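The form predicted alone is given below as one chain in structure tokens.
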Amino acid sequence: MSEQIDYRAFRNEVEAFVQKNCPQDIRKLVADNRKLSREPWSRWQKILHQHGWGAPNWPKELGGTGWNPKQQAIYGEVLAENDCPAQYHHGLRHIGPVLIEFGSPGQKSRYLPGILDGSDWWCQGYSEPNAGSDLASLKTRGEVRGDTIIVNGQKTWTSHAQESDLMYTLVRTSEEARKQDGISLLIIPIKAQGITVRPIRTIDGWLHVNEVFLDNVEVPLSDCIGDVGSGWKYGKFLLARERLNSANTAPLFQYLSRTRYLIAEKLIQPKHRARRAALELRLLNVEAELRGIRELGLEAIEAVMSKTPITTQPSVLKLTSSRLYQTITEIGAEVVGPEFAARMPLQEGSAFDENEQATLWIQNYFFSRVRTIYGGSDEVQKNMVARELFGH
């Protein structure tokens, strides 16, 4: 008979722990809507790992918590509600589960511990200049020579490559009739000979995406995950889990609350009455949709727990949450005013003036534009929903 879980007691336990142990400086970074870098994320990961909560989505035998999907969802909600950052995704939620499912014993023993304790930092080498939403069109090549794969090509929009240790990347190792075939998933150290990382300056003023050039990079065959030529299957496995992350709507509810507070703080004079009412109405509409997708997310979690196939839910969650996040940041930008938008983009590391908080709202507005692209663009998500509803 399966163990009965007291979910209320579990929520209280998580809340007590994060309130006591999540560093205040990190919580302030989240509350201020700042873009996190490796240092605070890694510090928080070490704290969670020491408590045994380093990998909520991993099995116990590999250092995880063994929590079920509902516990994982409660955990994510509590982190967001207390302004604690979600754990860095590329290791724990992306490549980690792929290694657990398809990796060799040697790959698991070598790479999983560094993900757990936060000592290794990962980035994703998927997109290319002409292969973004149509990832199967990638051109980066890997030539198998004995027990080595020689990689040449270019990746782009590679988030956090500038501060990563390792990259998991898809490369074409053979030409097949079907373009999804002949692709392999490799692990490559960012400091490997032949790799060059160049920052891409974005309009939000944060450094978070890069170009990665690979020039005759030698990769041991032992760092190919699973079978050579089967990487598309592993990549799809990863992306399916990435999109279900949108089931956690708590960060959006937090952002909604901050925006309401901003309106109440900035638009207080009688002359602001009509404008304030219009913006508050827009936020009410956002809240209504948020409550709807929260229920859809709970439905998806229940489906996973009952081992019922999930169909359109991840795509609908991704589509809707991305749009709502953009709407919330648009409202925030409207409140602080266009004069701050005119100061963008900022140079990395530049000092803020006394209007720092207003500038942060504008940065987040610009940063939110990418939400409808990464993790599968809106067009890709709509096609997936259409295929599920209407067939091929």
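In this text, residue numbers run from 1 along the sequence as written. These figures come from a predicted structure and were not determined experimentally.
Below, we refer to the form predicted in complex with a small molecule, which is not included among the displayed structures.
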_Under a 4.5 Å heavy atom criterion, is G229 part of the interface with the small molecule in the model of the complex?_
no
*Give a yes/no on whether L290 approaches the small molecule to within 4.5 Å in the model of the complex, heavy atoms considered.*
no
*Consider V370 of the chain shown here, and say whether it contacts the small molecule in the model of the complex, taking contact as heavy atoms within 4.5 Å.*
yes
*Does the small molecule come within 4.5 Å of any heavy atom of S321 in the model of the complex?*
no
*Kindly confirm or deny that P69, A250 and G297 each have some heavy atom within 4.5 angstroms of the small molecule in the model of the complex.*
no
*When the small molecule is placed as it is in the model of the complex, which of 152-160, 275-283, 77-85, 217-225 ends up with heavy atoms within 4.5 Å of it?*
152-160
_Going by heavy atom distances of 4.5 angstroms or less, which of Y234, Y111, W121, Y126 would be at the interface with the small molecule in the model of the complex?_
Y126
